[in-house]
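A single chain comes next, written as structure tokens; it is the form predicted alone.
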Amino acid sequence: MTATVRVAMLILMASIVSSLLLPADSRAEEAQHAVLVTGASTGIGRLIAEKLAADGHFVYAGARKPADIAALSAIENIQGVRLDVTIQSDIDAAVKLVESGGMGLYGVVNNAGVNVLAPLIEIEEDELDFLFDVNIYGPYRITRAFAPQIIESQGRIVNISSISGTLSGPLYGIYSMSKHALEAYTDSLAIEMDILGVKVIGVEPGNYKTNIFHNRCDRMMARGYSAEGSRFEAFVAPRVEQCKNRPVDTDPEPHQVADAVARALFSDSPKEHYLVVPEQRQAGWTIQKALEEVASLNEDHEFSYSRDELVEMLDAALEPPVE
């Protein structure tokens, strides 16, 4: 064996050993996977698409406007796709497009969402139809359509929910209804798809900079929504004025959300849920509300648990999963 051949073999062996010494998650991220992201034109969806593409994965980025599709397609490793999650023909065409791409499909990120704000006893039924069509039926349609490809790849489904899947409040009830429903959908889907070797994960962002709130205001103004005559004028009037003034969104960019989605997709042991918030108080609101519900459910009935028993349950829940 010549010295040149020996050197080449040593280099090859060093390369193999080096790759094996990398953390499992790093090795997984090195391999290119194809991922579909809905609602990728702006905000959280856009950053998710850009993050995954920058990590070397191939992204089918769903959008509705031709200009947004073209802008997404101009980014390396991203193909913009015409995809309105409320239009079945768009979804069917996207399925065929991904199938024809020849890469398979490892992940789906159900990100597309809308927001509507109004008192629950005054809101028009068509507003509920509009919001649920996107926020609930959208993930249902997308997941159902792409499930065969995800099952074949033993991949992942990530649903972008919200801290509103735990919290709610005046005027935000309809949005919270949709996110509570998405939480239930995610949990049940996770159990079912686990049987088929597919992991389903929920990501619950707090308040980050997105277009969803400006889009909500545009819809309110277009419909002529007013506080006049509302039984909840004290709550409604400030929101209407806020929409008229179009304040600059000072919330931080959702880079942390994109990072959490990447972990959900490619970690060897993903969590079932990722709470992602930009400040401590938003975590506090959410966790406190969840604990208050536990306390209320446990209170004053014949099958209540003692404080010590509840603490024991909490300790068990905090234990890391056994690999």
Ligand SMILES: NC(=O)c1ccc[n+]([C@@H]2O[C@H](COP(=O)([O-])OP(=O)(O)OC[C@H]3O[C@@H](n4cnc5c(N)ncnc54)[C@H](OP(=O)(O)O)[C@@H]3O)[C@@H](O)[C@H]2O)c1
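No experiment lies behind these values; they were computed from the predicted model shown. Numbering starts at 1 and runs along the sequence shown.
Not pictured, yet referred to below: the form predicted together with this ligand.
**Asked** Just one stretch in 237 to 245, 147 to 155, 174 to 182, 218 to 226 has heavy atoms within 4.5 Å of this ligand in the predicted complex, so which one is it?
**Response** So the stretch in question is 174 to 182.
**Prompt:** Is there a heavy atom of Glu127 no more than 4.5 Å from a heavy atom of this ligand in the predicted complex?
**Reply:** Flag for Glu127 set to no.
**Prompt:** Looking in the predicted complex, any heavy atom of Ala112 within 4.5 Å of this ligand?
**Reply:** Taking the distances in the predicted complex, the answer for Ala112 is yes, it comes within 4.5 Å of this ligand.
**Message:** Against this ligand in the predicted complex, would Pro205 count as a contact residue? Criterion: heavy atoms within 4.5 Å.
**Reply:** Yes, contact at 4.5 Å.
**Asked** Is His273 a contact residue for this ligand in the predicted complex, using a 4.5 Å heavy atom cut-off?
**Response** Taking the distances in the predicted complex, the answer for His273 is no, it never comes within 4.5 Å of this ligand.
**Asked** Among Glu99, Glu233, Asp187, Asp84, which has at least one heavy atom within 4.5 Å of this ligand in the predicted complex?
**Response** It is Asp84 that has a heavy atom within 4.5 Å of the partner.
**Request:** Report the residue, out of Ala258, Ala40, Ala264, Val35, that has at least one non-hydrogen atom within 4.5 angstroms of this ligand in the predicted complex.
**Result:** Among Ala258, Ala40, Ala264, Val35, a heavy atom within 4.5 Å of this ligand in the predicted complex occurs only for Ala40.
**Item:** Neighbours of this ligand in the predicted complex among 146 to 174 [non-hydrogen atom within 4.5 angstroms]
**Value:** Contacts from 146 to 174: Ile160, Ser161, Ser162.
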